[in-house]
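Form predicted on its own, single chain, as structure tokens, below.
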Amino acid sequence: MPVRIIESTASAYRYPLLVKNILITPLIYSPDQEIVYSDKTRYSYRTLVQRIGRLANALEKLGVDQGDTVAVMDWDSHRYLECFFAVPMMGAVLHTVNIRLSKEQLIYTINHAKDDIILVNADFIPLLESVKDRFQTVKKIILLKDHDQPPDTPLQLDGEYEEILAESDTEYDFSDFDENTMATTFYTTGTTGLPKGVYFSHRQLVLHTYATIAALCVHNLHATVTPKDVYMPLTPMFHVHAWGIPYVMTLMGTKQVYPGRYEPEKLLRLIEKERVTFSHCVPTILFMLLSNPVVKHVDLSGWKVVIGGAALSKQLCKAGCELGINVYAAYGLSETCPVLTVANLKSHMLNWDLDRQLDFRCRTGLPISDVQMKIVDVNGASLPHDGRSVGEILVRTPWLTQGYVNDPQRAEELWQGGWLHTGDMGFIDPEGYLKITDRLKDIIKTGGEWISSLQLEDIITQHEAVSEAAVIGVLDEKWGERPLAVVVLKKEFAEKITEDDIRAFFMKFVKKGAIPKYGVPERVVFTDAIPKTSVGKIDKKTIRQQYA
């Protein structure tokens, strides 16, 4: 017998899952809650909704229609939040431009996304000037500025953000349309080839918002987030919609603080001044804040920080927790909107001492609602959740990108067999926690055996003299590959630590049985800085090129 599809009466309203409906709840529960931009702007949710209406009217006057693409190049700001809503609510597509791309990558993404209008912060005018003669679809450029002095530029500017908003009405008729309409797009840079464009629909953004709220709020465990929290993202808003959390916090009616440019001292002062209680970032940002001298004079107790984008080391997690910060990990990809797992501690773990909790805080967590996940071997066979069997992580959820923009071949590779292939290796333990052991491309293959570069990095950063570290595999005639460690020492240990000291430290873990002897790095290179990607992750592609 077939399934029975419900019948809708002729007058029934088929409620589409659209981004505009996220704004309904905060206007009921917390219309006077604050949106803050650094030390420059402060207004209520009522004003936010009015400015979203003004922006939509202004864009329409500039010629933006449904299906057009509006690009944004800005620091984390209230303006960006307004664009998160106004552009997709019009039926247009929001392109969040990575402001740290190279010139060639920048113009490729602008043309590939077919941007019609670009909203650009004055700070990025020189970057845009460098590619202006290669625009293929750009029709107009709108200036965003934080200072009165206009930039001296050969670019033809078609208005200034605050001026076009002031000239526009607050009311805009955001019509209904298909919930599968594309809402956002952005580009993810891989280790090879040109940037890949991912895209998400209204339905996907709304479902991701609901599921993330459930993961952060309903379990009432060690780091529950509520509307009483104060939110400040430390993940760029161009990077997977700041992990989608601005949509979550808007629906909850939470006070939101947008910091602008990331400057350690300013960020720490903002956390203290605005009493920020919830943030998310990559490990390098938290490390940057904890290494700043100002941290000694700022009370960070009560601050919840979710770490993603790269592995959370036990050393960094412990350093944060010892300052009263509630640090824990989460996991996702650009292609997954992004949240897949969150490292919530289960109730029986809450009374454990910190050292025992670290294992689970630093794991990539438990799947959030509506995430299906499995670990498979090289033949695609599912592996047991025994905490030992390592394989590639495959996922299904309602909010995964359905492909890459104009790139069907790589899209099919991503979705081979009807599961999204993350390219990450890991295991799932009997408690259900996922642990990423490495990127598939970063695993070191030595003498026919695999060793996790992430595991080696976690060990080396536990050394008292080590500030940061990265481990890669380098070619070796005998073994195929051997581990090479790139190390940044703390200032007080500079020139006092040798390669032999680091290898001797690794041998302690060999004797414990934590790693095999072939996991001890063949070489240790000391350096002043480790290359980072545009979103603050360790750039192993560049490191491999440097030490090839």
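Bear in mind the structure is a predicted one, so any value in this text is a computation, not a measurement. The numbering used is simple: start at 1 and walk along the sequence shown.
This protein has a second form, the form predicted together with a small molecule, left out of what is shown; the following refers to that one.
- The putative spot formed by Thr224, Val276 and Asn344 is not touched by the small molecule in the predicted bound form; no residue has a non-hydrogen atom within 4.5 angstroms of it.
- Arg439 belongs to the set of residues with a heavy atom inside 4.5 Å of the small molecule in the predicted bound form.
- Taking non-hydrogen atoms only, His239 approaches the small molecule to within 4.5 angstroms in the predicted bound form.
- At the 4.5 Å threshold, heavy atoms of Ile117 stay clear of the small molecule in the predicted bound form, well away from it.
- The shortest heavy atom separation between Gly308 and the small molecule in the predicted bound form is within 4.5 Å.
- Figure note: of the listed segments 325-333, 157-165, 226-234, 296-304, the one touching the small molecule in the predicted bound form, with heavy atoms no more than 4.5 Å away, is 325-333.
- Residue in contact with the small molecule in the predicted bound form (any heavy atom within 4.5 Å), chosen from Asn111, Gln402, Thr188, Thr153: Thr188.
- Site annotation in the predicted bound form: the residue of Glu179, Asp424, Glu468, Asp123 reaching within 4.5 Å of the small molecule with a heavy atom is Asp424.
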